[in-house]
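Quick heads-up: it's one chain on its own, the form predicted on its own, in structure tokens.
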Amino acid sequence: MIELVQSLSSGVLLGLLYGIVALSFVVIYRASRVVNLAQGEVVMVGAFLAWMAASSFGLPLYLAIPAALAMSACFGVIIERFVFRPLTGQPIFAVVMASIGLIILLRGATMVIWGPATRPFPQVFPLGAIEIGPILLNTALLIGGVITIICAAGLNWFFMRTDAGLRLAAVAEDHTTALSMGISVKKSAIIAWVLGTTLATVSAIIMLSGSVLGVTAAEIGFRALPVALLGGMESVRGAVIAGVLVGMAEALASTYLDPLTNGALSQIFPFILIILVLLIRPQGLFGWKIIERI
């Protein structure tokens, strides 16, 4: 029983990490209808920006983190302006190919700028674990889980209660209708990309605090994409709930099924989930089901 509770607890914390990356998918999709397959590479670049601010620039953490978030916001504006804005109104195939090209570009640029070698990432959160009876909770992931919940609550308030958030919701419904109402689709897309890249950097800081930074940091993007699909690409709360569900399922698979499959099942579980979600409920658990009348 203790092993089960420990596994579920660890899975919840891991799922909340997936959840904040999934949130970065959601906020971009809500305004631009772009599923950025290169979001993992955006996480990777955000991690390198945070490392650069703390190590290369020598800034203390209380200045390095805001500097990294500001640089990642500018990075989001650049991606939106020069990669995806020219593709507005183009077939979905063009957008997918642009995302794949962005994956290759960002990985190559990272290798050129920072090199292939791994390096220690600054310790932002305390190391070790918190004991709750016989249960151990990773301190960094626990703090990160709280940050995820706060970010999700803030985004939900932003989308539901503020004028800017409601404009983004209108853009998500239909670009043409939003334009007819006097809403700037371009400005909404910029806001979404700034939020998405900033969240990606926050997730990188949580994931890598006190760990090792390398190009493999991008892998979390492909593991978080099934979470965003399961929760619904338009749903903020869905990203968090789906993250917890996927994290717990992955943790249980790692504990009880990996010994029978040589450690393979937990690694491929998110990708099995992608196929199942697309086959059974393409809009996700909390996604918008669009009904069109002709």
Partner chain sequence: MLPSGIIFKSYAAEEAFLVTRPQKLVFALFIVALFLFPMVGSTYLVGTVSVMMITMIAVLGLQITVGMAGQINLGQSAFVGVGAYVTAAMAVNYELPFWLAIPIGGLTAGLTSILFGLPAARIKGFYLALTTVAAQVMFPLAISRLPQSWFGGSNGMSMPSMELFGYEIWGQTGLYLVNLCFLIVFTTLAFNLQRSRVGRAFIAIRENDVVAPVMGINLVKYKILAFFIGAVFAGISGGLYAYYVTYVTAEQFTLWLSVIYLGMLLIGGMTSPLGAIFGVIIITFLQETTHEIGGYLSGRISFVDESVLFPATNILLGAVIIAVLIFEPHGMVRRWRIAKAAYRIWPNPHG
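Numbering follows the first chain given and starts at 1. Note that the rigid core is defined as the largest set of C-alphas that superpose within 1.5 Å between two forms. What you are looking at is a predicted structure, and each value in this text was computed from that prediction instead of being measured.
In what follows, reference is made to the form predicted in complex with its partner chain, a form of this protein that is not presented.
> Is it the case that I130, even though its partner is missing from this view, gets within 4.5 Å of its partner chain in the predicted bound form, heavy atoms only?
No - in the predicted bound form, heavy atoms of I130 and its partner chain never come within 4.5 Å of each other.
> Just to confirm, F93 within 4.5 Å of its partner chain in the predicted bound form by heavy atoms?
Judged by the heavy-atom cut-off of 4.5 Å, F93 is in contact with its partner chain in the predicted bound form.
> Is T255 one of the residues lying within 4.5 Å of its partner chain in the predicted bound form, judged by heavy atom distances?
Contact with its partner chain, no.
> May I ask you to check whether V35 falls inside a 4.5 Å heavy atom distance of its partner chain in the predicted bound form?
Result yes; V35 sits at the interface with its partner chain in the predicted bound form.
> Check I100, V112 and L278: does every one of them have a heavy atom within 4.5 Å of its partner chain in the predicted bound form?
Each of the three qualifies.
> Specify the contacting stretch among 155-163, 101-109, 184-192, 205-213, defined as having any heavy atom within 4.5 Å of its partner chain in the predicted bound form.
Single hit among the candidates: 101-109.
> Select from 58-85 the residues with a non-hydrogen atom within 4.5 Å of its partner chain in the predicted bound form and write them out in sequence order.
The stretch 58-85, when checked against its partner chain in the predicted bound form, contributes F82, V83 at the 4.5 Å heavy-atom cut-off.
> Is the shift of L16 between this form and the one not shown large enough to count as movement, that is, does its C-alpha move by 2 Å or more after the core is superposed?
Where the cores coincide, L16 shows only a C-alpha shift between this form and the one not shown that is less than 2 Å.
> Just to spell it out: taking the C-alpha atom of I274 and the C-alpha atom of M248, is that distance smaller or larger in the predicted bound form than in the structure shown here, given it changes by 3 Å or more?
Relative to the displayed form, I274 and M248 draw closer in the predicted bound form - a change of at least 3 Å between their C-alphas.
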